[in-house]
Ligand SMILES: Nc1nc2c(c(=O)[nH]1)N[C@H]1C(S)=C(S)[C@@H](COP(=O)(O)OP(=O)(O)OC[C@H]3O[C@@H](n4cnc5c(=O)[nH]c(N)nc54)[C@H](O)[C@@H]3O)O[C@H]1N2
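A single chain comes next, written as structure tokens; it is the form predicted on its own.
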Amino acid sequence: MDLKEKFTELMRQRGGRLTHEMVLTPGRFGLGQTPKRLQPDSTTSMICGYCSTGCSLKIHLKDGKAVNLTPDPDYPVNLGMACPKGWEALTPLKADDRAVTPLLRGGDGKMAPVDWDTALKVFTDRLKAIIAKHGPESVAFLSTGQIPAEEMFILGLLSKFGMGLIHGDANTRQCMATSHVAYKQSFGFDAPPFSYKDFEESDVLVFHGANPCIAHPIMWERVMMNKRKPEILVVDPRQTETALAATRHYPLQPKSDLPLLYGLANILIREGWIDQAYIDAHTTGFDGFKTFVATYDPEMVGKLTGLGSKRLMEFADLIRPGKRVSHWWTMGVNQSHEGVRTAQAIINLALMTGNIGKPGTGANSITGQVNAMGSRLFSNTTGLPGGRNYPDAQHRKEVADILGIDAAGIQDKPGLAYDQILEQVISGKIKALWVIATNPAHSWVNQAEFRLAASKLDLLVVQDMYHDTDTAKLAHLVLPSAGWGEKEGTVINSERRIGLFKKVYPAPGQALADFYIFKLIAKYWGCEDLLKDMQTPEQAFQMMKRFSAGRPCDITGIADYPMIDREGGIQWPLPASAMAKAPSSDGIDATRSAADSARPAVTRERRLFEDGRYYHPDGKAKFQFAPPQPIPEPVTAEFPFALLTGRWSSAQWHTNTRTGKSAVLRKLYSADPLVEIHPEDASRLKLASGDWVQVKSRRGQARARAAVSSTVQPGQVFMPMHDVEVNRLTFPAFDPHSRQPSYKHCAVRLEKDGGD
């Protein structure tokens, strides 16, 4: 029985429907009111709040409150489909551990409820005192890819230009920094080129370190709609669900991706299987790349990867010009000590075969979080709004002119990355940390490092919808925030599609949307004039449009939220010049007929680089490459197993903070932590499935049940990323270009545990 069948059976047992009764009282700040555009008893649609697929869900309202949901059949992303997480999206909102009032840790070490006035005075007074004593670099924030772009946007403006903070980063650093840097260096801008339609139009799809069957099941459904009888290639050490469903699986040795990709490039060049005309017209740096990869001969690469030279030749033949080839990657590439160069090696294959800018092609990064792309473009952490760069004086001036501030007050380089912020906390340079909608006490690589950092802080503020996350338990101050379904805003999915969050459920108690928490902080800090033109999320969106003008991500052609809703989401770019007629204030062009207004005015599926023009000043893409680096922590006699991590169930999301609230979803995955072990290794260690095992690394240990399976190769073990124990083990290696952690490989040993 597959996951869909299991879920259907569970729904049948519950009476064949999903019902979510209201058990929370409306908040005091107007958040319990019916959203202004929604009728009390009606159906509306909004984007799911989990992964980057960006599915639309039909939300069914009674008395202005969401009581049920179904997938949206008309949305161009999911076409009426939803994964288990989407079906249960409303359940986490009524959990009994919601943060319903600010909490402050007292002198006795216990958390106690306080009102918003007290909480905001503590926040501002303590942070200002720390800054006065230690300087603006002594306070930092860590945010998220889960909140709407408008909230990320005003957080960046508030923190950098209002509060004067230097350092801030988002947990998109943990999943998407690699792709951000890779695209920026190769294309001149962080620009995923594809549309989901490309899943259906490829002759060959190559999944590098990606398991969409589990991680992005609706994307996999789009692959299954492909009528071209495609070859599906999976490059992954583990025999994942996607590898089992593929036409060919290439089980390379862990972290040998880069030599594999260079070896494939060498074969393609040697055999003449390249598009020289495209290379000459649209790229630079190919001659240097050709010389570089010439040393990666098939025999050497075949031994290094464990695939053998014949399989390399087979692989190269499948992706040569003459077929529509699309390359897709996720965390197996991104979360690596050399992830940027690996992603760029994939991009190089697409460029040299001319497989980009055409249907069914592309070098395509699948994002992790629902709004990781919004974070990358508008969060003001690693760059300035609209994909601008801190070191660029013209970019700083553009930002200053839009905001009406002095450009001299804008820093000329990005602040510290996530890992560097934590290093400075541990060293005592950063004294206060503000954590927003993320759970690093669970998710951070080498988990003990974050917990050590938290113990050294003078002030840890956690802003979250739950009061008992692993990180909130360590906080001095907790600010209760509204979650998905309780606030408005836009999110940007993997294919650059902008979609809407809507307020369809009342936030509990005194919880507030993060947007309004940021607004209140600005007021108490004394910098509310900075945000005076952004009283609502939609007004912030209008300001984001101004920042996008003339940029590759230009969205000035989007009139307002109703237009996004009506068009079924809108992919960027959409400059005002692309719209022949200007929409009216309600988002519907007054000159269009009633019949026309029911049809999209914007092409729903749009890919980039159809004209071969990239975003570097010369209009060309660049071949980027560098020699592979050794694995930071290889296996040894003492730690003989390579630990791999990743998703294990489509019913879990990240640290399981929200999905763990659903009794339905909990039935779809193991209640105990798991470690997959190859039968040969299990036999040698006298382990059977279900036995308790101690998994130990140089940093810590985790207790898990053995799952004996040939999905992993001998000498390798696999653990699901959702279990809190896993990051007690992981090794803190970081890509030098993106500062993204390498979660996917470390050395461990296994010991049988005699416990029950």
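Just so you know, these numbers come straight off a predicted model, no measurement behind them. For every residue, the number given is its place in the sequence shown, counted from 1.
As for the form predicted in complex with the named molecule, it is not shown, yet the points below apply to it.
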| item | value |
| --- | --- |
| Options 556 to 564, 248 to 256, 277 to 285, 535 to 543; stretch whose heavy atom lies within 4.5 Å of the named molecule in the predicted complex | 248 to 256 |
| Proximity of Met152 to the named molecule in the predicted complex, heavy atoms at 4.5 Å | no |
| Any non-hydrogen atom of Ser649 within 4.5 angstroms of the named molecule in the predicted complex | yes |
| 4.5 Å heavy atom contact, Asp464 to the named molecule in the predicted complex | yes |
| Heavy atom of Glu488 within 4.5 Å of the named molecule in the predicted complex | no |
| Sole residue of Gly263, Pro440, Pro102, Gly339 within 4.5 Å of the named molecule in the predicted complex, by heavy atom | Pro440 |
| The named molecule: the contacting residue among Ser159, Gln571, Thr469, Ser548 in the predicted complex [heavy atom, 4.5 Å] | Thr469 |
| All of Gly374, Pro385 and Leu500 within 4.5 Å of the named molecule in the predicted complex, heavy atom check | no |
| Contact set, 713 to 741 vs the named molecule in the predicted complex - heavy atom within 4.5 angstroms | Met721, His722, Val726, Asn727, Thr730 |
